[in-house]
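First come two forms of one protein chain, each written alone as structure tokens, so that there is a structure 1 and a structure 2.
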Structure 1
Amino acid sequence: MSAGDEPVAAPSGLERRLGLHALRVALFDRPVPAGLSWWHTLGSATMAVFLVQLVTGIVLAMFYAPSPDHAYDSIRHLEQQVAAGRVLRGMHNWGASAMVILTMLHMVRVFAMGAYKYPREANWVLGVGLLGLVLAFGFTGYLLPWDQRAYWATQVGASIAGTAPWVGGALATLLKGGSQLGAATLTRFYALHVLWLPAAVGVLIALHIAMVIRQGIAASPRVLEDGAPDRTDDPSYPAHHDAAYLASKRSGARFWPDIIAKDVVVATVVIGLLILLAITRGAPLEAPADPTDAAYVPMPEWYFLPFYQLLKLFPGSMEATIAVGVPALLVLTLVGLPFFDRNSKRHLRGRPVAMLSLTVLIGGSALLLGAAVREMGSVVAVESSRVLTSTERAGRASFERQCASCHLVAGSGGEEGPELTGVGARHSTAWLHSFIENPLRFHPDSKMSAFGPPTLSHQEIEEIARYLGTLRGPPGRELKVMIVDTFPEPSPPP
């Protein structure tokens, strides 16, 4: 060693074994192309939300009971008895929507910049797979609260899957775990949601990040288009691309700390919004799932609404074709896009067909979503906003069978008898029970038949009376309770 040479510190034992320095250089200390914008933070923001979903999901799973008898009660217990339980569930609920929004925006940015073309074709296919898994997360998680909305929306989803030609019946049975939506379905969806899907998403995310590190972040379209051959399958295109990409990186910044600072800012804002929505809005929870309530109008989560609305436009035999054909065509188009689009133009302005397709897809989805939201606003619940007890739900089922053909409730039912939308604000449960047993005792000229035993048991009549007691006016305009019971005079003794 000469006098001017300084000794080089030997790597530590941990460094020799794990190579942490090389990992840090690969992840953070790497050049990136020039001209990266805030739109390039969408991938990191999506990753941040996935981590939020992972952490909140693990905590929620510690309090959840995946059985029809206890699932709903465990959610209620979490929200009412567990410290910050309502906020945690709210973050998980809003995080699901954020995952869908950010994943879609990320893919739209990649599509608009032509970043799915050489050499990133495989990474685009991974992105399509991740989008499908994110939607599967939403579908399987939707059932877990086991409330009315969850039960009936899942029932509709399974029915749509059952319309697939040749394999529809088997697919519906596979989803439900049998012929009916029940305990096997809930257990199956829970296992998919907390075990299989997180593992699959984790693997695809790891591959996606590894390929981004290996190939680098896509440069701006202008840099890659200047002087490029007309097609990406031209033998000279790879050399042009690699040279232009290296030149862009030489004039760019370092991922750490320049680019990652933007990622941290956007991820912090997104997580802050999730916390704010969780605190102010929470997560929806309707009445417990009631398989006997055939009058319930199911609505899926908002990101499935455009497709749900589209199916309504094609009733009859066409519905099955649309239910299977549209998703299949969309998936095949997305997966095959980088392999049949070989034009070297990357900016959306130079790709008129791509611009038109994106406009039609986004515009059409927005119109369908708007139509579905308007229809949702016109749907009103029969009961008041409070959660019905099991007795009241049983009474509602009996009412639908025995009474709905004659009595109007919130615009639904027959008109032969009086409307009962606000009957619970005028009469007590005891009066309703007595009247249902024998209306002639109250009104000798009543046209209503007596429903006392043996027509209905005392328990069935009490259940109907309890249900009618919840009807206190249209939702949002509940009537003031003013009981006006008038019982008939008892008959004199003989």
Structure 2
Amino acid sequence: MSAGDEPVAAPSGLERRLGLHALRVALFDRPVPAGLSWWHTLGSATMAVFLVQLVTGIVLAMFYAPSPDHAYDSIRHLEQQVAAGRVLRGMHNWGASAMVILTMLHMVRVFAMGAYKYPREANWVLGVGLLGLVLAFGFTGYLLPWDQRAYWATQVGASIAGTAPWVGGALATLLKGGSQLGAATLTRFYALHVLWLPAAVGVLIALHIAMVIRQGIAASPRVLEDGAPDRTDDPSYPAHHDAAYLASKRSGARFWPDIIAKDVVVATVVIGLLILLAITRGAPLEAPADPTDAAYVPMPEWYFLPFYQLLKLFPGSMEATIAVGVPALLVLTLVGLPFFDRNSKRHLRGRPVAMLSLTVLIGGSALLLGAAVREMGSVVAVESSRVLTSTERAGRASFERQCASCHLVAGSGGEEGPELTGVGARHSTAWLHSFIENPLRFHPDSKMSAFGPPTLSHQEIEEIARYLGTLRGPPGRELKVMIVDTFPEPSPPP
């Protein structure tokens, strides 16, 4: 070795053994194109939430018992007895929605900036695969608490799969692990949720990120468009693109610290939001699954609602076609996108078809989601967006017939009596039952007449009382439950 190329400092022992310097340069110290926006943080934010799901999921798994006899109780135990159990489960629950939202937003960003075009076609396809896995995580995770909504939403999912032509029956059986939704289904979903899917996502994420590092983050659409041939399959396109890309990286922006800083800010905000939602709203847990309650109105997780609503628009034989056709078409379009779209324009303004498709897809989904939510509104408790049980729904129907003329609930009804939007937070169902039966025992000059038999049967009164018990205040502003029941003195024996 000549004197000139002596290293400045001798490498440390660790460096000599592991060569970490090269890794650090490859991962962090790479140049990036100028002008990356906040939109570019969505991918890493998704990754951050995935890590939250991984950590919270591992802890949840330590408390969860994957059998129909114990699943529900194990979740309730976690919620009520384990320190921070409720918050942990809340984070995992909200994290699932965040994964779906962030993955989709990230895809919209990549789509809108044309970043799936040369040379990143394969990475787009990996991303589509990741979206599929995220949805599969959501679907399998939904069943695990084994409450009413879990059971019935999965029942719906399996029956939708069952409508597929030729393979439908086999598909439904495969999902359920038999002909019935039961212990075999739960075991299967649990194994998918905690073993198969994390492994698959891990592999795809590793590949996805490795490709991003290898290929670099796509430069701004304008830079890559300038002077480019019209089509990316033009033989001269790659040379043009690569030169423009190289030039865009000469601005001096570096992954560390320029990009990382934004990523950390966004990830912190997102995780903070998850914690806040987990603390204030928790995660829903309804009554334990009751396979005999056929009157239960199933409600899939919100991100499946647009599809669910679409199916409702096509009853009968069309439904099977839509059930299979729409997802299949969507997958084919997404996977095929970078291969049939060879237009070299990247900015959305130069891509009318892309702009239109995006608008139709987002607008259509929003309309369907809105319609589904409106329809759900008629079966959902005012206070917690919890789905009402069949008893509570029967109670609400009677209430609307007999009581709504005098009592306001969530903005509709008469005003002769007091508003009852928060009555469930103030009174027990037992108190409500005896009050409805005969208010005069409570207030001798009550303006509300007695509804006891023969006007209403005890069962009807009990249903109304149960329904009123669900009213805990206006949505988002639930009252603290503080039961203050004063019963009248029992009349002295004669």
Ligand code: HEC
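Sequence positions of structure 1, starting at 1, serve as the residue numbers. All of these numbers come straight from a predicted model, not from anything done at the bench. Throughout, rigid core stands for the largest set of C-alpha atoms superposing within 1.5 Å between the two forms.
A.B. asks: Of structures 1 and 2, which is the form predicted on its own?
C.D. replies: Here the form predicted on its own corresponds to structure 1.
A.B. asks: Answer yes if the CA of Met448 moves 2 Å or more between structures 1 and 2 after aligning the rigid core, and no otherwise.
C.D. replies: Yes, Met448 moves 2 Å or more.
A.B. asks: Using a rigid core alignment, state whether the CA of Trp146 is displaced by 2 Å or more between structures 1 and 2.
C.D. replies: After core superposition, the displacement of the Trp146 C-alpha between structures 1 and 2 stays below 2 Å, so no.
A.B. asks: Does His106 count as moved between structures 1 and 2, where moved means a C-alpha shift of 2 angstroms or more after fitting the rigid core?
C.D. replies: No: His106 shifts by under 2 Å between structures 1 and 2.
A.B. asks: Core superposed, what is the CA shift for Pro418 between structures 1 and 2, in angstrom?
C.D. replies: So the C-alpha of this residue moves 25.1 Å.
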